[in-house]
Structure formats: structure tokens, C-alpha cells
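The chain below stands alone, shown as C-alpha cells; this is the form predicted alone.
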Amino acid sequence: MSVKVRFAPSPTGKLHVGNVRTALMNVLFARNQGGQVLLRIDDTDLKRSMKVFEDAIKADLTWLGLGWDETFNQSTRFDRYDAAKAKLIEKDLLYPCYETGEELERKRRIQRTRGRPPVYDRAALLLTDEDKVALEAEGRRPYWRFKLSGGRIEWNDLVRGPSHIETGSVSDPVLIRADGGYLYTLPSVVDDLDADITHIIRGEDHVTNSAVQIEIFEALGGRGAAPDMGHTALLVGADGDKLSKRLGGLSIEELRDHDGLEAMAVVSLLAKIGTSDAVDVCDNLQALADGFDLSRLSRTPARFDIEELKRLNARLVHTMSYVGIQPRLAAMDADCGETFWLTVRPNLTVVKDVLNWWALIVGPVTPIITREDLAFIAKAAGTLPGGELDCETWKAWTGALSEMTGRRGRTLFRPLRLALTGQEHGPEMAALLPLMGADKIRRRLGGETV
């Protein structure tokens, strides 16, 4: 059997880390199995769906390296959903209901006070044709529910193992709203059948929904028509709290454009958290796919920690070659050659941090010279070696200063770094000196902002 999975975002907002983890699990599983990925744009909600969000979703997935083999929009397939609706009505599995939201809530409250689960009582099945005509004459329009079997639905979950839901404990799901709009469930099943989806991998919040969908799969496609299913644990924050309220600040756009994080750092973290594998950075998606195994996913929530992501990103940046990064440096007007890149690279968390160190070279830098170091800095200016500076200059210069002044360690090096860079810490001074140049060094030692 050829594996085919799908990722189905709704274009009603930005893609966030929770969405991406689901997309990533599907892509890694498909690539590991030599299968295909369908990107399905779930835009049946025509009022809320926006082309700008669809384009942004595709751009984010492309940046992350999560490509797809096929794509389509649900908004082009309403004829297929209408045909499925007619088929379910013909099989007496889809029935019209007329209760208002207030009436349904009243029923649920009564059921709770009696110690019963708030499951829909199927009162609509008792309505006669005359009843329906009378209700519609009042201005009511029907919404449509799928009639569940009330039996035990079992499947071998790819993540959770043997699973089951008693559909007798679940309300018959609403598939079509009173305004005629389709909810998620029916179009999703129709699309999965038409696209020959073999595996559905999504969050564990869909477990109950999966039991419902299995019955719809079998109603429309026959026994055994449902794909294999796997439900992954949801993401939580580093503190163990749900991420749902914070996802707006964890959009891929935010992580990329504002925080400056690398795509492979994001996918490396999302691929490994919540698994038995060590979290480490990987420089290509196929390597992640080659080692991917759904059985390694834990049933406990996966902890997403933005600080861990930044540490992972730093490790990735520290391995980047000058040849690979040069076009990005040039685009930032911060390309001072390979020596500069290799000098500042160990001090970077994200690539755009290079601009902070580039400023040390091009200036202006305001020297920091304390009163007690004035004489020492004056001697340093007077003993700076002549001629062209190189990587050995710093050692020779500070060695001579040490012999002259008796200073050692921090009292020797710190005043020089503060005078030349205006900062307490940074790249190796031995490499920075030749990049700054003798003239700029002397002027900064003289207190000039240059």
C-alpha cells in the first residue's frame, strides 16, 4: 500500500507551532515510508477564510521545508459534499433538527441535574412531516445530524495503541449548520476518501471525533474505508500549561521574521520533543525523516520551550560555513569576509545578531574608559605595534603591556576591550584587532567615538 497523508489547515489565521508539529509528523511519516503528502486547504467557511492567510501558510510550510505533493481547496468541492449529504439522507443516517441553541442548552442542564451525560436525545427523529412544516413556518431552518450506531468503535491507534469509543455516549454530531454550511467532519471524510488518504495523524483532541468519522467513512465508503489513525499528544509550555492562549505569539511568521530563528532549528525541536529521542539540531529534513518512528512518541504532552529553541538555534548557527551564509551577510550589508564570520559566529544566537558585532568593526563605538584606567589606556595607545595588524598582534601587544604595567588577567584585558568595543564581552580580541585597523584602534584608545 502506498502511504498518503494529509495536512489540512484552515486559512483563518497564521500558522503556529501547534499546527506545524502536526504538519511535521505527517511529512516525516510520509517521507520515511516513501509516501505522499496532500496539503488540503480547509476553507469551507467562506466568511472567515482569507487568501492572504492561505498564501502565508504555504510560504511558512515552504520555508520550513515541509513540501507537499498535491494540494486542493475544499471551497472547490461543494458538489462532492452535496452528493455525500444526499447519500447519507438516502441511507437514513442524516436527519434534520430544529432546536435552538437555548433549547439544547436547557436540555443539557436538565440531563446534568439528573446525573446523566449531556447527550442529544434524538428528539428530532420523532418529528412528523407536519411538525417539520410547522417549525419551518416559524422561520426555523434545519441543521443536520449524523445518526451514530451507538456501538463500540475500535481502532489500533498508531500512537496510542488499541483504542475505542462507545458512540452511545456521544451526541449525534452536527454535520451541516442551519445556514447550509458544512462543518469540518463531513467534508474531511469525503476528501480523505476521494484523495485515497491512508493515514491520518493529528492531535489527541480529535480522538472522539475519529470514532465519529470512522462511522461516516464506513457509511460513505464501506467497511474498512477509514484510514489508519494516530493521535499525538498536544503541546504545552515549559511550565506545563497549555499553549492555546499563547499560540498567537508562537506563529511561524513571528519566529522567523521577528525572532530570526532558523527553519531547521524549529523543525528539529518539534520533531524530537515528546519522544524518547534526545533533542538535538539536525541540518536537513530527510535525516529527521530517516529516523522517524511514531512508536517513539510519548502519550504525555510535549513541552515546547522557546528558550530551548533559541539554544538549539545557536548550536545550528555555530556550525554554519561562511560559503553558506555569505549571501545572507551580503543582504544585511554585513559581509566582511570569512575571518569576520568565523570570529563572531561563536557569539551568535541568531544570524541577525551579526549586526551587533559588525558595528564593532564599522563603528561608531563609544569607548568606555574609567578614570583609574586612563594612564593604562594611554600607555596602550603608545605601545600598539606599528605596521599591519594580524592575529598575533593582540598577544604581542598585551604581553608588552603586562611587562610594562604589571597588570595581569582581567585588569589587563577588560579595560582594552571596553575602550575598543564599549562592551564587557564579545568575540576574540585577537581576531577583531586586524578587522578594526590600527587607525580606528588608536582613535578609540584616545576616547573618540568612531
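For every residue, the number given is its place in the sequence shown, counted from 1. These numbers were taken from a predicted model, which means no experiment stands behind them.
Missing here is the form predicted together with a small molecule; even so, the following discussion is about that form.
*Asks:* Would you please decide whether R40 lies within 4.5 angstroms of the small molecule in the model of the complex, comparing each non-hydrogen atom pair?
*Replies:* Although the small molecule is absent here, R40 would touch it in the model of the complex, with heavy atoms inside 4.5 Å.
*Asks:* Taking the shortest heavy atom distance, is T232 within 4.5 Å of the small molecule in the model of the complex?
*Replies:* Outside the cut-off, so no.
*Asks:* Within a 4.5 Å heavy atom cut-off, is Y143 in contact with the small molecule in the model of the complex?
*Replies:* So Y143 does not count as contacting the small molecule.
*Asks:* With a 4.5 Å heavy atom cut-off, would you call F376 a contact of the small molecule in the model of the complex?
*Replies:* Answer no; every heavy atom of F376 is more than 4.5 Å from the small molecule in the model of the complex.
*Asks:* If we take heavy atoms and a 4.5 Å cut-off, which stretch out of 181-189, 115-123, 145-153, 316-324 is in contact with the small molecule in the model of the complex?
*Replies:* Contact-bearing stretch, as computed: 181-189.
*Asks:* Scan R160, R345, H206, K107 and let me know which has any heavy atom within 4.5 Å of the small molecule in the model of the complex.
*Replies:* Result of the distance check: H206.
*Asks:* Report the residue, out of K272, R80, R303, R202, that has at least one non-hydrogen atom within 4.5 angstroms of the small molecule in the model of the complex.
*Replies:* Going through each option in turn, the one that passes is R202.
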